Ligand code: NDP
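One chain comes next, on its own, written as structure tokens: the form predicted on its own.
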Amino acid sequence: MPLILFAAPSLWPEYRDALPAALAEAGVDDATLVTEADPAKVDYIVYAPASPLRDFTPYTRTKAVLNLWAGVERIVGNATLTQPLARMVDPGLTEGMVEWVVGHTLRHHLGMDRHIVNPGRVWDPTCPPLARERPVTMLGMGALGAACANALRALHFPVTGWSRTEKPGQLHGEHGLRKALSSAQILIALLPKTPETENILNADRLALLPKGAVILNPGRGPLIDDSALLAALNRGHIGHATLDVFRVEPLPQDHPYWSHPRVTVTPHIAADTRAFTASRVIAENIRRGETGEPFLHLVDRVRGY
């Protein structure tokens, strides 16, 4: 009978019913879920970064730590974490990200803001180009980036994908990054936060974008050099930035993003982990652990995700 420690007290009400139901559906119907336990008896830890658990050393029996979030930057560097770590790859999370990305891409492509907020009652019949005429670049072609790229391509946007490592059909490396940026009328950042990706959109790379380009960042706040982005917005090189993630969250009230006329702030809502779908992912990994099968979505500690 596996003992599962749910190490995210604030989220427990959401998962209290969903996780046992998912475990039963997966055939793990003899599991015990607790929020407190003797570390030496815990088989699995369901973990969220808001958890107070920081020292994993006493959990000598634990077979895996199962993260509730897609991002693992707050835990992957924990020296006490020697157990296998699995990140969350959740169909509900993916659907939410696709909806946010497609929605804001269409918003900027169609110029919807000038119609939604039009206090001067300006009659401007200018039509946007077709989607096929609006190049989009996706930085990060993992599960989320690939899903968003496929959805945009279905709407006929020409999407260029860039990855940090070589992948078939994708640009990669510094040369590929510069090429990907140079054509991006809409740039979407969906990279994980690692030492290599921090400030990947710095002043030099922002300058490569076409004048008037739009940036969407639902990935990680530190991907963007904030000072460089504000400077590019102020001189009109970047047309607009719609940002869902920030270095400090909630975004401080005095941050210039709040008042900038060409910045839209959304409060980290692009993709949320939903209990009813995430529970099935967690349950499947526990089933695998109990039957000796490989865990899904294991984190590469060297790459950081």
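Only a predicted model underlies this, so the values are computations on that prediction, with no experimental measurement involved. Just count from 1 along the sequence shown to find any residue number.
Just so it is clear, the following notes concern the form predicted in complex with the named molecule, a form of the same protein that is not shown.
Across the proposed site, Arg164, Gly219 and Asp244 without exception bring a heavy atom within 4.5 Å of the named molecule in the predicted bound form. Among heavy atoms of Gly142, some come within 4.5 Å of the named molecule in the predicted bound form. Within 4.5 Å of any heavy atom of the named molecule in the predicted bound form lies no heavy atom of Asp124. The closest heavy atom approach of His268 to the named molecule in the predicted bound form falls within 4.5 Å. Contact between Asp204 and the named molecule in the predicted bound form is not found at the 4.5 Å heavy atom cutoff.
Met97 is the sole member of Met97, Ala149, Ile188, Ile224 with a non-hydrogen atom within 4.5 Å of the named molecule in the predicted bound form.
Judged by heavy atoms within 4.5 Å of the named molecule in the predicted bound form, the contact stretch among the candidates 150-158, 196-204, 107-115, 230-238 is 196-204.
In the predicted bound form, the named molecule lies within 4.5 angstroms of at least one heavy atom of each of the following residues of 63-102: Ala70, Gly71, Arg87, Leu93, Met97, in sequence order.
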